[in-house]
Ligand SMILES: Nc1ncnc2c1ncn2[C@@H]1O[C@H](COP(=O)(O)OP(=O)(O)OP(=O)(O)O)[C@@H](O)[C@H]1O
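Here we start with a single chain on its own, the form predicted on its own, put down as structure tokens.
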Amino acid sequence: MKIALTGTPGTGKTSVSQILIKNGIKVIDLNDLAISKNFTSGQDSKRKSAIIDTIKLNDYIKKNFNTNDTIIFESHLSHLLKCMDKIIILRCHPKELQKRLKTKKWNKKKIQENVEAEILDIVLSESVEIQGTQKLLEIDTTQKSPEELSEKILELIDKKFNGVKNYKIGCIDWSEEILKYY
């Protein structure tokens, strides 16, 4: 099973992934994979990052990763890949997200852009547009440790994603937070 672990930067993807690896789950960093295989189409000078060719990346994953194995593909772009069987979207309250990104020493503009993306449900909206709703789950990371989140994800995998009603999409809504920023 190919599982996308996605969310706005700062929601906990990397921290959770590191713990999942320790628990024997294969985790692929999609950004590293895309760069190492040259699945890029240039450089975003504004954001100082590579522009990932998600079509090439999707095709490569479809051809090279067995669906019988459980593999988590971690990236804020993984929800864009149609070959994913499940998409876990990590969410975080904008105030906490802002704190986390400040801790990473991100600049103000980049922090604001990502906080706004979280408030406006950008990753969720893109996911629904590309994947539909059946494959999607949302988990609020605001008050949970990476260990707790990893346990939840391992439980979901063990139960083959049965009983996911606690993680159905649309239950997390930060939209009123936008009023506090303008």
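Please read all numbers here as calculations on a predicted model, not as lab measurements. A residue's number is simply how far along the shown sequence it sits, counting from 1.
The same protein also exists as the form predicted together with the ligand; that form is not shown, yet it is the one meant from here on.
In the predicted bound form, no heavy atom of Lys152 sits within 4.5 Å of the ligand. The closest heavy atom approach of Lys62 to the ligand in the predicted bound form falls outside 4.5 Å. Contact check for Ser145: a heavy atom falls within 4.5 Å of the ligand in the predicted bound form. By the criterion of a heavy atom within 4.5 Å, Glu96 is counted among the residues contacting the ligand in the predicted bound form.
Heavy atoms within 4.5 Å of the ligand in the predicted bound form are found in one stretch of 154-162, 5-13, 20-28, 170-178, which is 5-13. Contacts between stretch 83-103 and the ligand, counted in the predicted bound form as any heavy atom lying within 4.5 Å, involve Glu96, Arg100, Thr103, listed in sequence order.
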